[in-house]
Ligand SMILES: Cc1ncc(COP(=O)(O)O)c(C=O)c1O
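This document starts with one chain, in the form predicted alone, laid out as structure tokens.
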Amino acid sequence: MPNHCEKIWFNGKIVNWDQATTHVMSHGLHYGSGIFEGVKCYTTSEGPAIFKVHDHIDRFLTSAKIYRMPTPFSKEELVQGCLDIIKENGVENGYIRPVAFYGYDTLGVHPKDCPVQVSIGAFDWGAYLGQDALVKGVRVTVSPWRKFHSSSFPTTAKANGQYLNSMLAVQDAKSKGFDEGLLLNQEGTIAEGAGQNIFLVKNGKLYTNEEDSSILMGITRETVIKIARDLGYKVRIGRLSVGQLLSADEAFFTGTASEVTPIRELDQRPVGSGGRGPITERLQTAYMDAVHGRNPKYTSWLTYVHPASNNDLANKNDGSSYGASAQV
């Protein structure tokens, strides 16, 4: 059974999945000249809602701008496209993939007058690294491939061709029996997973790295930092070493698809207790409460598929804090 939905938003219209086609000589296929986003929709008591869709589309358009790709649709049209494809397919929980790429006009490296095509698909994706991984954690290996430096590619852009770097890392990890690869940057400090940002926990404090570590500035990363600070945890941002990861009390990945996934092992050496730690579990629970609309403090992060819900729930947001502060 395919995990994709029957309908897809293709260049401004909703069509059948098989009708969303492009030519094999498209510039994007030959050079990876495209940009994309990953967005999640979750079920809530008020119907399906898309989590931080405005932030994702902002980053989508920023990626296009960095690559000088003229996107033929506005932010409002793209947000509405995400809502429409969820509504059309009757999705409650799902993954949304906006993508823009150059079609065919020339096979030269310069895209010249290649048309920009835009699609938004919806998929029935479960936990990216496996449902068990959310509880048991994942086994990770340091990749022999380094994350590219910002002097080679703009690390803040989410561009198609750049993910060949991640593909090599995850292929290597899987071939060795691990769940995911961990990329170091050109300086030898930790960058990120093949598709996730990373956090460490040590003595009740959280540690994560910054843009100068050659990372994509993740929207889930930003969300977890906000939630952690709201819960009373201190979050330190700076470079991370493999030694820090091995000596951490806990570690976890964050990402739209991965959500909050514990890291239990690095190259056959346990991280902390070798399972999901208590702080990771608390943040994981708080994150899932936010995306499912169970915490009124964060309802502004949700865009409800049924428009009346957006107005109704905005009025319900009382700004109350979530949970008790942690001891730090």
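Residue indices: 1-based, along the sequence shown. Every value quoted in this text rests on a predicted model; they were computed, and no experiment measured them.
The following text describes the form predicted together with the ligand, which does not appear among the structures shown.
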item	value
Ile219: touches the ligand in the model of the complex, heavy atom cutoff 4.5 angstroms	yes
Ala194, heavy atom within 4.5 angstroms of the ligand in the model of the complex	yes
Close approach of Gly255 to the ligand in the model of the complex, 4.5 Å, heavy atom	yes
4.5 angstroms heavy atom contact with the ligand in the model of the complex for Trp145	no
Residues Arg59, Lys158 and Tyr163 all lining the ligand in the model of the complex, heavy atom within 4.5 Å	yes
Stretch from 77 to 85, 135 to 143, 186 to 194, 167 to 175 whose residues place a heavy atom within 4.5 Å of the ligand in the model of the complex	186 to 194
Interface residues of 4 to 21 toward the ligand, as seen in the model of the complex [heavy atoms, 4.5 Å]	none
